[in-house]
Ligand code: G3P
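Taking the form predicted alone, here's one chain by itself in structure tokens.
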């Protein structure tokens, strides 16, 4: 048994023993925000590995978030980037396989080749340094890139054995780029989701993307009835001065409501910071709710706080109690679940 299998076996054993299972209230009813495990339990283990997903499951996540790209042979694999060099040892195994920009693209490697790569903590390819230096030691486990199907099978298997209903929250990465390369990532992802029973708005599944045109295409041309979330950057609705343009915000949210069930904004886009350095909510969440849109904000990281909050507890309290979001993407599932137990309405 290699190290990755041993870690997964240990995690599942602890879940079954109740040593990692969350025992708080269910978030799937009422007004409690959902907890979305951002790339799995990525605050503790290398992102998007099956072990990371299993640990996030054990910590009480409501959804596991896989980002999805395609391999050379058209398999949906779970990676945050279209590149492999940020989280794997691809440069060591395939030093001559980069493109002219020096980057190593998942789309240039078969699934068998990708499966040979070891996954480690994310690095900045410009400096070679770890993005989060205090997270999991990069050389301590033999972890691999999962396919979307493998991740779903793991979560559905745990749902069966643990009598739970943890969902899948898939992000389609750079669909326009994939089409330029001759592949249709949206079709592949929807096919995998459908094969595992995720087909309509009653499914425990969300599909998210930054590309509005692609989400519209998924709804109209590809005829998907899954719940969709429009991802938004931290500059959403802002004018040249960096201030939210209320009329632009309302118009864009109204447009999103025509094809999606919610928005996934950068948490910074939901506040303005006053001259005293205090974060004050803007009207985006209220307007989204008026239009019937969910608001699932990203990314809540205990080790990378925004400048306007001194502690992680205060950050979660601000967004749950004051701003009133419907869900949080977090690298730290356990801490976030505990704080929502503390701050969310009963």
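Positions refer to the first chain, counted from 1. Since the model is a prediction, treat every value here as computed from it, not as a measurement.
The discussion below concerns the form predicted together with this ligand, not included here.
- With this ligand omitted here, the record of contacts in the predicted bound form names 171-179 of 171-179, 154-162, 103-111, 234-242, defined by a heavy atom within 4.5 Å.
- This ligand in the predicted bound form is approached by residue 298, whose closest heavy atom lies within 4.5 angstroms of it.
- For residue 208, a non-hydrogen atom is located within 4.5 Å of this ligand in the predicted bound form, even though that partner is not displayed.
- Contact annotation: residue 287 falls outside 4.5 Å of this ligand in the predicted bound form, judged by heavy atom distances.
- In the predicted bound form, residue 329 approaches this ligand with a heavy atom inside 4.5 Å.
- Checking 216, 227, 80, 144 against this ligand in the predicted bound form, a heavy atom within 4.5 Å turns up for just one residue: 80.
- Contacts to this ligand in the predicted bound form (heavy atom within 4.5 Å) from stretch 54-83: 65, 67, 80.
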